[in-house]
Structures are given as C-alpha cells and as structure tokens.
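The data below hold one chain only, encoded as structure tokens and taken in the form predicted alone.
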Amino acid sequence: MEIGILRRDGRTDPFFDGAAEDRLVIRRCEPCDHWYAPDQSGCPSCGGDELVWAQASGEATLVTWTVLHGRPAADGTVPPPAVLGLVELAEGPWLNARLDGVDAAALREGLALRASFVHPAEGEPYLLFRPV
C-alpha cells in the first residue's frame, strides 16, 4: 500500500533533515527534560513553549496495531495489507507509524522495535518501525 509523496513544510524541516540521515528527531523540553512527539508545540509539564529538536534513540515498544487492507484495483489485483502501529519510544512519546517486516499474526504488546527510514525517489523519507 502506497504512502504517497511526503512534502516538508517549515515546521517539519528538522524532522525530515534527521530522517534524511536515518536519525529519529523529536521534540524535547530542555528545562524539564520531557520528550514529545514531533507535532508537539509546547510543554504541558512545565508550561514552556520553546521545545527543541533532539535525536531520539529510535528504540520503541509496540502498544497496539491494526492491519489495513487496500481496495482491489480494476484488474482485480489486491495490494498487500499494511500494518500500522502505535509505538512508545524509549524516551516516552507515542508515535503512529507503519510497521515493516512483521508477521501480523505474531504481533504482541511490548514487542521491541527500532526506527528505520525509507528513502523514496521522490519526496521526503518516511519513518517506519521494524522488530529488533
């Protein structure tokens, strides 16, 4: 199942710059050392509004998942299903991402995962998680 072409905007540049170098970059509040997902704009813990971009370890565990089945094409071919997961990063934030290299029947809560990036010919790289 195709993800489509991802394009950056001014708010996502640090995330995609990290992804281009196979690094997972998320938000962190320096005063209170809490980590947040890339779309977080302020710190709910201390009220700070200046989150920095920081490199995360890329290690995560699976929280939950679903299998998405695509529609058959006009010629009857069916795209392979996509496995989408909610993962908890080692730093604490939860992210939604595609899972790759997994057997959907063998998935379980707490499965150890590691961030990986796909670099398509067009558009920005995208994040997915694979079993460790």
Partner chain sequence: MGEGAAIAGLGMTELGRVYGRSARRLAADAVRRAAADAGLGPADLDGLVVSHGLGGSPGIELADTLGLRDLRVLTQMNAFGATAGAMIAYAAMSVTSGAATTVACVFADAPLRPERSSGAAYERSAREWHGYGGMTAALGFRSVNALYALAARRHMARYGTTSEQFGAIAVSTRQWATMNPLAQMRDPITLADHQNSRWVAEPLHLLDCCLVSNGAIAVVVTSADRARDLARPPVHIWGWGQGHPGHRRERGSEFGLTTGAAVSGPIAMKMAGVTVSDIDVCELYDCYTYTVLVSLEDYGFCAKGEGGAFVESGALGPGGALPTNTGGGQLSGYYMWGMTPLSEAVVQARGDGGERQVAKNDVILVSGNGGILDHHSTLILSPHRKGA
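Treat the numbers as computed from the prediction; the structure is a model and nothing was measured. Residue numbers count along the first chain shown, from 1.
Separately, the form predicted in complex with its partner chain exists; it is not shown, and the next lines address it.
Novice: Let me test this: is every residue among Asp17, Ala54 and Ala115 within 4.5 Å of its partner chain in the model of the complex, going by heavy atom positions?
Specialist: Looking in the model of the complex, the three residues Asp17, Ala54 and Ala115 all stay beyond 4.5 Å of its partner chain (heavy atoms).
Novice: Is Glu30 near its partner chain? Define near as a heavy atom within 4.5 Å, in the model of the complex.
Specialist: Because no heavy atom of Glu30 falls inside 4.5 Å of its partner chain in the model of the complex, the answer is no.
Novice: So in the model of the complex, is its partner chain close enough to Leu6 to count as touching (4.5 Å, heavy atoms)?
Specialist: Because a heavy atom of Leu6 falls inside 4.5 Å of its partner chain in the model of the complex, the answer is yes.
Novice: Please run the contact check for Leu84 against its partner chain in the model of the complex: heavy atoms, 4.5 angstroms, yes or no?
Specialist: The answer is yes: Leu84 has a heavy atom within 4.5 Å of its partner chain.
Novice: Going by a heavy atom distance of 4.5 Å, is Pro38 a contact of its partner chain in the model of the complex?
Specialist: Contact check for Pro38: yes, within 4.5 Å of its partner chain in the model of the complex.
Novice: Quick one: name the residues from 50-68 with any non-hydrogen atom within 4.5 angstroms of its partner chain in the model of the complex.
Specialist: Heavy-atom contacts within 4.5 Å come from Val63, Thr64, Trp65, Thr66, Val67, Leu68.
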